[in-house]
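Read the single chain below, which is given as structure tokens and is the form predicted on its own.
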Amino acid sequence: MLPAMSLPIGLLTSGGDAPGMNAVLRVMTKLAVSRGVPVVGVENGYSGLLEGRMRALTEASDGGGLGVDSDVDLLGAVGGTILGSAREPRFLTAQGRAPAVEALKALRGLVVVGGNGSLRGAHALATESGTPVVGVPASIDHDVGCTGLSIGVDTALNTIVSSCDRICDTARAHHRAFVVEVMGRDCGYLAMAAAVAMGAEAVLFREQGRDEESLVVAVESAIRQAFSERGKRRVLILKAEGVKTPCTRLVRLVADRLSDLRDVDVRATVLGHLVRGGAPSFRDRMVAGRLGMVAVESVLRGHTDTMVAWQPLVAGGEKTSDPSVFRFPLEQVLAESDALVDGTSPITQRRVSMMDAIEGVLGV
């Protein structure tokens, strides 16, 4: 086995792709090269780690030193992840993870870029191996605990707002109401934030705890008030993916109750995976760069079972060389992530409270 100093750092992207994943890979590779450390990328997430599928992200330079692969150097503006990603059920058990633990012996450390499922896998690897494992939050859902922002969230919001701007153009032209569903899994943050940014008439998210009947009543009321009482030309309602009533069913039920209104058309639009794609925004590139730099520094200093977090909203993080980036134990990150989804986190409670407070303002 090679001495630890000559072993490469492994970079892995896992779970749902997010704009900015490639940007963080580029920054981490550049920083490692500046420290004379080679880097390999693990292909297709944890599946690739189990099967030993790795590709060099560094190469010998003309001067005999270490350089960055030319493809990697162009990654900053590219969405998705060039390493690929996959859901890997074998990683759910210690027996299934065993080949990955063995593969880590050939690495100086591993940086895992992804959301909660990916970070749960990183926590397992860190506890089952002696190799440093560091997580970087990347998920458009904004449901990763202990970080004020995850890579991909800002780009996703910009995509949603841009799409809704276009929808509103045609809605005004035809006196239409649109219910637009956005991604976010069980977290309603994207819908909430986009509704405020767009001046939507209403927003529906799982954390409200509404049943189907109350959802229908809320949407019907918002449309009636906008068209009949306020004389608006368009109505925009944001619906989070976590609201289980399908968008088309919701619109059909609402339309049946609005049959008395003349010339009112209600349409459903599901943005779906459109929200995941596209070149990362400035903010996502900047956050990716700063998280990536601290992640590599952390591996080189032997930190493990930890995640780097951007401007955290919870206490307990460890300061790093970047005043905006803190390190949190992965166990704490995963516990806070669960609390964000089940509603026990003060952050989720504050979001819901703020949305309740402006509910009467949205439709004005």
Ligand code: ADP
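Please read these numbers as outputs of a predicted model, since none were measured by experiment. Don't overthink the numbering: it's just position in the shown sequence, from 1.
As for the form predicted in complex with ligand ADP, it is not shown, yet the points below apply to it.
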item: Triple contact flag Gly15, Gly115 and Gly121 to ligand ADP in the predicted complex, non-hydrogen atom at 4.5 angstroms; value: yes
item: Ligand ADP contact at Tyr189 in the predicted complex, heavy atom, 4.5 Å; value: no
item: 4.5 angstroms heavy atom contact with ligand ADP in the predicted complex for Phe91; value: yes
item: Proximity of Arg87 to ligand ADP in the predicted complex, heavy atoms at 4.5 Å; value: yes
item: Touches ligand ADP in the predicted complex: Arg97 (any heavy atom, 4.5 Å); value: yes
item: Which of 67-75, 157-165, 211-219, 107-115 sits within 4.5 Å of ligand ADP in the predicted complex, heavy atom basis; value: 107-115
item: Of Arg290, Arg206, Arg234, Arg185, the one that lies within 4.5 Å of ligand ADP in the predicted complex (heavy atoms); value: Arg185
